[in-house]
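Shown here is one chain on its own, the form predicted alone, set out as structure tokens.
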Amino acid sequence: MRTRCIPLVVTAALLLGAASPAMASVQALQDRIYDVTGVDAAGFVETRIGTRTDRDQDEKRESIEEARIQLDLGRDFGWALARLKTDFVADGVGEVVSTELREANLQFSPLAWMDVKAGRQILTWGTGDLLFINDMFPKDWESFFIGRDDENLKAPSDAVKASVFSDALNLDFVWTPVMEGSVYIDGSRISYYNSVLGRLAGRDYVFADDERNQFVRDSEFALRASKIVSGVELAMYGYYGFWKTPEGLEFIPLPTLFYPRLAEWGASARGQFGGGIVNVEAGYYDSLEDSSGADPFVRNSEIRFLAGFERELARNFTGGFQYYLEWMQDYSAYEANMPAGMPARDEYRHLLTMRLTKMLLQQNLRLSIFCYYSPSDHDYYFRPKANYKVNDQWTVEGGVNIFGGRDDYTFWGQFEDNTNVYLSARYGF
């Protein structure tokens, strides 16, 4: 069977089998597995299809065509909790069948005041809503932009996390032996602005990168110290490793992206205010391989800041609003060394976000929209979607990823030809 046919076959099978005895017997099988092995088994079967609304000459018309089966297995051994979560994916656009291991770890407590999780895991911290400052863990931006479930935005890390608890302070320390980069936009699936070519590119110019893959030498270290004071969650962060996307460019022997070294530290606060929840977060990104800011092919150091507020606006209707800033350091050195003809970034990049969510039909239907708008870049990204919970097992979803901007070299503007619409059906067990 051709790979591109698999998502369509799975879609038909899901619809035809919605009320079948096979679907009804899944719970009995889960119970049997637990009785025999002590393993809790869960997961889902899902299909997603989507298409671009405009023709992009550098990419396929289909934005997503895939069938996904996720198995989530866990067992409590008494001395440790073991978890294995893996996805089996038939990707019709990429024309490949693959396995994606999302989690494979052990969690245990060697001391009464310490927890350790070792292995493949999803890591996240910080206070932003789809904005990240002190969260220096990998993301899957390709998944985010083509309409996969929001869960897939957080990419896994092979790491060891140790958490220490005390009345004075809580500490989290993460060691990643080999740097885990984000899944960035390289042209293989989403077109982008290529600064070397000075134009939009896609599958005609897939940018290669020089991976950081040396054990220990390419390690990452992250630290968070947190405490709740008078109902306000306060945290401080530190990180030493690399930019999570390849923010460096070298030309010998061929133009290749690389991951420059980076140190980052910051702080955040989150608490109740004005009938809602307010959060503030800031961080300093120290670009260690361009300390003077004079190398136009390595990203400059930056100060980043965000402030957000979320509250219920009406019954079953919530709103969230954020302001975000990227302030490039050593901007004069950056401007003085820019190659002729290459578009320069602004010293200050401002970004506003808004999330609106309405729950209907006894909270089974969720209508939402998340909007990014940059008044400095004059570009935007809108994410409206509808999610309907048919019953305890079945969920259907539809949405649109809308990109646009005045210029084709700004962050959101470069993706304008990738605007897409998608639909999904999921059976959970």
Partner chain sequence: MRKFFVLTAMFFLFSPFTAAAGMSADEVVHRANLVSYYGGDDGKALAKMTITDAQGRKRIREFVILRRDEKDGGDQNFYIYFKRPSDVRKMVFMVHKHVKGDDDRWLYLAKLDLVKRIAASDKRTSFVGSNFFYEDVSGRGEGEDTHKIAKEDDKYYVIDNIPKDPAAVEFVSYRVWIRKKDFMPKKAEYTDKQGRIYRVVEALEIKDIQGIPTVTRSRVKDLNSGGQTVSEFKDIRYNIGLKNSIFTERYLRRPPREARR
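Residue numbers count along the first chain shown, from 1. Please read these numbers as outputs of a predicted model, since none were measured by experiment.
The form predicted in complex with the partner chain exists for this protein as well; it is not shown, and the discussion that follows is about that form.
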item	value
Residue 209 within 4.5 Å of the partner chain in the predicted bound form, heavy atoms	no
4.5 angstroms heavy atom contact with the partner chain in the predicted bound form for residue 154	yes
In the predicted bound form, residue 94 touching the partner chain (heavy atom, 4.5 Å)	no
Residue 114 within 4.5 Å of the partner chain in the predicted bound form, heavy atoms	yes
Of 216, 228, 254, 338, the one that lies within 4.5 Å of the partner chain in the predicted bound form (heavy atoms)	228
One residue of 178, 162, 263, 122 in contact with the partner chain, assessed in the predicted bound form (non-hydrogen atom, 4.5 angstroms)	122
Heavy atom of each of 40, 85 and 389 within 4.5 Å of the partner chain in the predicted bound form	yes
Which of 344-352, 237-245, 184-192, 306-314 lines the interface with the partner chain in the predicted bound form (heavy atom within 4.5 Å)	306-314
Within 4.5 Å of the partner chain in the predicted bound form: residues from 63-96 (heavy atom criterion)	72, 76, 78, 81, 83, 85
